[in-house]
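Consider the single chain below, provided in C-alpha cells and representing the form predicted on its own.
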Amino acid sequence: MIKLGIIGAMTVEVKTLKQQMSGMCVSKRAGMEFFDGHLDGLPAVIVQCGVGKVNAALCVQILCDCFGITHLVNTGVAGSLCAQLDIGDLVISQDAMYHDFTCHALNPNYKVGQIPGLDVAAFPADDLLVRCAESAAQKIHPGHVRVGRIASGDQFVASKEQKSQIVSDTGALCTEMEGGAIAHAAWRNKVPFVIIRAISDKADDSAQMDYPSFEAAAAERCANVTQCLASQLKNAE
C-alpha cells in the first residue's frame, strides 16, 4: 500500500493540503508537526519542514523512520532559471541537485553538486511519480508545465550574476532551498520521490519584489497539483 509523505518548507505551502486531509492525527518531532491521515483517500503524512537543506533532510529521515512512508513529494515555490518559465508556471523534477556544494579544490574532477563517495551528482526522481505529477500539473495549469532539473542551495537567489552561475553549473530550470536535500535523503533511503514547484519569482534583481506578491498564489497552485497527484496514485493502486 502507498503511503505518501508530503513536505513543504513554509506554512503557505502546506496549509491548503492540511485543510483537505481526513482522519488526521498530529504528532511533533524535532520541532516539526506531522499530520498523519488521508488525502483524497490515500494514506498520507503532511509536514512543514522549515527552510533550508538541513531541515529538509531531517524531515525526510523522520518520515522514513517513524511514519513508514513509501513515496515522497516535495511541494512549494521556486525561482525561475529559464526565460521560458514565467511566474505561476510549474516545474516537475526530472532530477535534483545542489548548486552550492563543491569539492573542486579537493579534486578537480568533482563537479558542482557532486558529493564525495556518491556515484551521482543529480538524484533522479521516480518515473511513476514524475508522470503522475506532470499529468496532474497539466490538469491544473495546462500548457505551463516543464519537466527538468531542480537546483537547491541555502541561498535566496536574487541577482542576475548568481542566476547565470547556477544555470552554467547545473543546467537547472529553477532554484529553491530544499528539494536537493529531500532528493538526497530519499535516494539514500531508497524512497521514490518527486519535486513539484511553482514559479514565484525570476531569481534575478526583481526577485525581492516579485516573491512576496506571488508566493501565496504559486504555493496554492502547487498544493492543488499535489492533491491531484495523490488522487492519481490512489487510483493507480
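Predicted, not measured: the structure shown is a model, and the values here were computed from it. All residue numbers are counted from 1 along the displayed sequence.
Quick note: we don't show the form predicted together with adenine (ADE), though the next part is all about it.
Notebook entry, point to check: Contact between Thr170 and adenine (ADE) in the model of the complex at 4.5 Å, heavy atoms?
Noted result: Taking the distances in the model of the complex, the answer for Thr170 is no, it never comes within 4.5 Å of adenine (ADE).
Notebook entry, point to check: Would Ala137 sit within 4.5 Å of adenine (ADE) in the model of the complex, counting heavy atoms only?
Noted result: Flag for Ala137 set to no.
Next item on the list: Give a yes or no for Gln155: in the model of the complex, does one of its heavy atoms lie within 4.5 Å of a heavy atom belonging to adenine (ADE)?
Entry: It does: once adenine (ADE) is placed as it appears in the model of the complex, Gln155 has a heavy atom within 4.5 Å of it.
Next item on the list: Mark Ala96 yes when one of its heavy atoms lies within 4.5 Å of a heavy atom of adenine (ADE) in the model of the complex, and no otherwise.
Entry: Heavy-atom contact with adenine (ADE) at 4.5 Å: absent for Ala96.
Check: Would adenine (ADE) be touched by all three of Leu90, Ile196 and Glu220 in the model of the complex, meaning a heavy atom each within 4.5 Å?
Finding: Not a single listed residue reaches adenine (ADE) in the model of the complex, so no.
Next item on the list: Heavy atoms, 4.5 Å, adenine (ADE) in the model of the complex: which of 24-32, 176-184, 54-62, 38-46 makes the cut? Say which one.
Entry: Heavy-atom contact with the partner occurs in 176-184.
Item checked: Option touching adenine (ADE), based on a heavy atom within 4.5 Å in the model of the complex, out of Val77, Ala122, Leu129, Leu85 -> The option sitting close enough to the partner is Val77.
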